[in-house]
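Heads up, the chain below is alone and in the form predicted alone; it's given as C-alpha cells.
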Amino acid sequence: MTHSQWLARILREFNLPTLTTAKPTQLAAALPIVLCTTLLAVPTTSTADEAIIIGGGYALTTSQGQIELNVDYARQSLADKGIPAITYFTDGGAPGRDVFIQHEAPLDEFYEPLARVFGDPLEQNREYKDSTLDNIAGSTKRDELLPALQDILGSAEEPLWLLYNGHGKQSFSTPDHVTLELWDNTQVTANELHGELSSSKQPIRYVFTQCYSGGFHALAYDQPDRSLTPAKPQRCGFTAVSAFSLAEGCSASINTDDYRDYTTHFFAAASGFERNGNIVVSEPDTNDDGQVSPREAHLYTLLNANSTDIARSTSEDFLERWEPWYLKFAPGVKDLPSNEYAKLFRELAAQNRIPLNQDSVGIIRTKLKSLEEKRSNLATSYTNKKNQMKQTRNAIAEPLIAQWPALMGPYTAGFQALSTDGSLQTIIESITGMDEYATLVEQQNALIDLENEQLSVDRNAANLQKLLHLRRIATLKQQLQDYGSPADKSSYDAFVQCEEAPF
C-alpha cells in the first residue's frame, strides 16, 4: 500500500473526507497513527514489469476525449504503483488531429440558428485536435501494432499488463471473434490476439473496457473458443461488459466528474482516490491486508459503478463456461450461499431497496419489466419527436434553400461566399423570424432531455440486471464446489489467484 493509501484509510477512520477539510485538532489526533502506519508500511513490489496500453478511436470522428483522458489516467495509476507503460495511441503521435472533445459552453448566438437548421448544434462546441499524450510508442494501426506487440512479448522477462481503451465491435459468429477497432479503420479479433499472445513466455493480465469486451476472456484459455483449460503461462483479467453488450465510456466531454466507466472505477479503487481527488466511497481492501488487489478493484467496481456496464472477470467467465447443462434446469436456489458475490448481491440490493427475502428475484424482475416498458415508451417518444423535428427543420430550410442553393453545401466555396456578401446575416434573421424556429428549438431540447432520460433508465435497469448476474455467479461458485471436478476447481482457483496477485 502506498503512503497516500495509508493516509486515506486513517482519514476515513477519523471521518475526515480530505486533508483540506480536516480540523487541526482532528489532524493532531490522527497524526500519531499516520506516522506509525507509514513507518510500518513496507512498499509492495509489483508483479508486473511493465504495461502495454492501446487506446484511441479507429478514426478522428470516433476518438472521443474520454478515451484519451482514460489512457492517461490508467497509465498514471500504474506509474504510481511502479509499473511503467508503453503506450500505443491512434496515429502514433504523428502531427494532425486525432481526438475530438466537446466543450460545455453556450451555443454561439450568431451561428446557432444555422446550426439548428442545417447542421448539428453540438458541432459548434466540438474541438478536433492533436492528442496531447506524450511518450507515445507508436500507432494502433494493425500492421504497425501487431509487430510491435510481438517485439515486446518476445523479449519480456517479467509479467505484463495489457490494457485497451477504445471501441469494440460485436461478433455474429462466436464470442472470440469480437474485435478491437484500431486506427485507420483496422481491427484485430480476440481470436487473432490470442494467437499473438502465444509468443509470450510471461504471465499476462488484461483490462479491456470497450463494447463487447467480454469476448476477450478468450485470451485466458489454451483454446480461444469454449475451452476450460487455462492458458500457459497464466492469463487473466477484467472486462467492462460481456461479449454481447455495449459499454459506457466513450463521451466526448472532458468533464471527468461525469465519467462512470470501468476504467474510472477500477483505477479509483486501486488508488483509493476518485479522479476528482476524493476518497473512494467504500473500502475496496475487503480482506484488510493493506493493499487493493486487481480483483478487489473489480469487485468494488461491480458494487459502486452506477452505469450501464455489468463487468466480468476471468474467474466469473470461467464459472459461466463451466456450468453443466443439467444445472440450468435445476430448481431455483432459495438461499444464497456464503461467498463474496452473495455479499455483493446483498449490498447492491440494499442500495436499490430490494428486500432480502424469497421474493427478491420476483421483485427485481417486476422492476425490470417496468423499466423495459418505460424504455420502450421513451424510444417511441424519441422517434416521434425526432420525426417532428425533421419536419420542422424542412419547413424552415426549404424556402431558404430555394433562395440560396449554396446552403446545401456548407463546406463549399459557394457557402463561404454567403458570409462575405452579407447573405448569411439575412438568412439568420429569416430563420429567427419564422414561427417554426421556436418550435424547432423546443423539439431539439426535448430530444436531449429524452436521451438523458433513456440513459438514466438504462443505468437503473443495468443495476437490476447486475443483481441477477451476481446472484447467478454466487450460485455457480457454490455449484462448482459441490459438483465440479478437481481439475475444474483447480482451474478456477488458478484464475482467482491470478486476479488477486498484487499490481
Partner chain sequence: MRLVFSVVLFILITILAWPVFTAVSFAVSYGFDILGFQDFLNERPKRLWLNDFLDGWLHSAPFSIALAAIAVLDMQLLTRHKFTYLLSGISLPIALVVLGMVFLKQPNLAMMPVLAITGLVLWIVYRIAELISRYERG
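Residue numbers count along the first chain shown, from 1. Since we're looking at a predicted model, the values are computed, not measured.
There is another form of the same protein, the form predicted together with its partner chain; it is not shown, and what comes next is about it.
Asks: Just one stretch in 108-116, 191-199, 133-141, 241-249 has heavy atoms within 4.5 Å of its partner chain in the model of the complex, so which one is it?
Replies: Result of the contact check: 241-249.
Asks: Taking its partner chain in the model of the complex as the reference, which of 126, 97, 390, 365 has a non-hydrogen atom within 4.5 Å?
Replies: The residue in contact is 365.
Asks: Heavy atom to heavy atom, is residue 334 within 4.5 Å of its partner chain in the model of the complex?
Replies: Although its partner chain is absent here, residue 334 would touch it in the model of the complex, with heavy atoms inside 4.5 Å.
Asks: Verify the contact flag for residue 312: yes if a non-hydrogen atom of it lies within 4.5 Å of a non-hydrogen atom of its partner chain in the model of the complex, no if not.
Replies: Because a heavy atom of residue 312 falls inside 4.5 Å of its partner chain in the model of the complex, the answer is yes.
Asks: May I ask you to check whether residue 120 falls inside a 4.5 Å heavy atom distance of its partner chain in the model of the complex?
Replies: Residue-level check for residue 120: no, no contact with its partner chain.
Asks: Going by a heavy atom distance of 4.5 Å, is residue 361 a contact of its partner chain in the model of the complex?
Replies: Within the cut-off, so yes.
Asks: Listed by sequence position, which residues of 460-481 have a non-hydrogen atom within 4.5 angstroms of its partner chain in the model of the complex?
Replies: The stretch touches the partner through 465, 468, 469, 471, 472, 478, 479.
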